[in-house]
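Next up: a single chain in structure tokens, the form predicted on its own.
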């Protein structure tokens, strides 16, 4: 290390302070490291200074700790040394997207009979790029085929499609038979499968296919917060800083054809067969939830992982508080411990309110 030359954090390495510890989020390498709050404060207060100078500021009482800190930062390529500190600007944390609706969820079940093709046409006018189709009971393969055919044959703005559906006897033959319609499908999750298996895209099928024994009984399964879903990339991070990390620019259709922010949410904005999507997104009541960022949410605003984490407004610890912590989060930023949210006695009232008993039962 060059202890006599000023240090700078690489611009893609963003510091996030929590109530008891902090993180360095490397948005270029999708890497997250936990650091003490003391190191966070040291970096914020002293960036652009030399290590020798920082030691002197602390009267050389903590030289070993300071050296250990900076060796960690240097070894992990979070910092570099330069005499020209002013020519390396910070990254902008602004977020923008030209679409009116960026992503959409469409739920279907064995009784769904609303006009999905009409919805797809309207999503096209709203410049929607990403679509998730979820089927929670008997697989409606005829509807899925109609959707995929429409997307293949039309000049749709939708660029990527995810499909969730239950395992059925001939599913592998079905996937093989329609693989040519997967031009926009990048992920298929087959649940309640007798086996677990990941199939990566190849020359025969461009979609990533996951078979899982896990069961998704309904939209009640949505909203779980987990480290497995952490994502430290520039687009997701900056969106989280400015908007809701799950619901921003999202529009969904539940299994009954009702327009919602998310199929799991209680508030609906009319039937998709009689109400235009364009009219719904003009309703301030629909779009206000887009602006509930992590820095506004109770407990989340004290969490060191808040800007790499997902969020849920469908199920919250206090159903009467729109800024309440996600119900299905078991992390405590004060103790830095994860626990099973479904067995927490403090969450029993909310679990009962949302009728989530079925998804908390252990197999």
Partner chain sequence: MILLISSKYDVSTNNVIKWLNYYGINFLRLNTEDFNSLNHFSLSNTSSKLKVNNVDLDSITSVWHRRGRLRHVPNSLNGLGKVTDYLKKEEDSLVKSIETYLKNTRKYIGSYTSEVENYKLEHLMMARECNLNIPNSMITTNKKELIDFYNTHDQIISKDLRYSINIKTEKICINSIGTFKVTNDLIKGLEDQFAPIYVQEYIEKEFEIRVFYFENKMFAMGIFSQQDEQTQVDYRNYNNQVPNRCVPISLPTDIEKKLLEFTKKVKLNTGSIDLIYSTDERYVFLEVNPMGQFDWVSKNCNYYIEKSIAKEFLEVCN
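None of the values given here were measured: they were computed from a predicted structure. Numbering follows the first chain given and starts at 1.
Unshown form predicted in complex with the partner chain; subsequent notes refer to it.
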Query raised in the report: Since exactly one of 77, 145, 273, 283 fits, which has a heavy atom within 4.5 Å of the partner chain in the predicted bound form?
Result: 77
Query raised in the report: Since exactly one of 203, 83, 228, 169 fits, which has a heavy atom within 4.5 Å of the partner chain in the predicted bound form?
Result: 83
Query raised in the report: Taking the shortest heavy atom distance, is residue 13 within 4.5 Å of the partner chain in the predicted bound form?
Result: yes
Query raised in the report: So, in the predicted bound form, is residue 28 in contact with the partner chain at a 4.5 angstroms heavy atom limit?
Result: yes
Query raised in the report: Given that the partner is absent here, does residue 89 sit within 4.5 Å of the partner chain in the predicted bound form, heavy atoms only?
Result: yes
Query raised in the report: Could you tell me if residue 117 has a non-hydrogen atom within 4.5 Å of the partner chain in the predicted bound form?
Result: no
Query raised in the report: Can you pick the stretch from 90 to 98, 252 to 260, 132 to 140, 217 to 225 whose heavy atoms fall within 4.5 Å of the partner chain in the predicted bound form?
Result: 90 to 98
Report task. Check each residue of 126 to 162 against the partner chain in the predicted bound form and list those with a heavy atom within 4.5 Å, in sequence order. Result -> 127, 129, 159
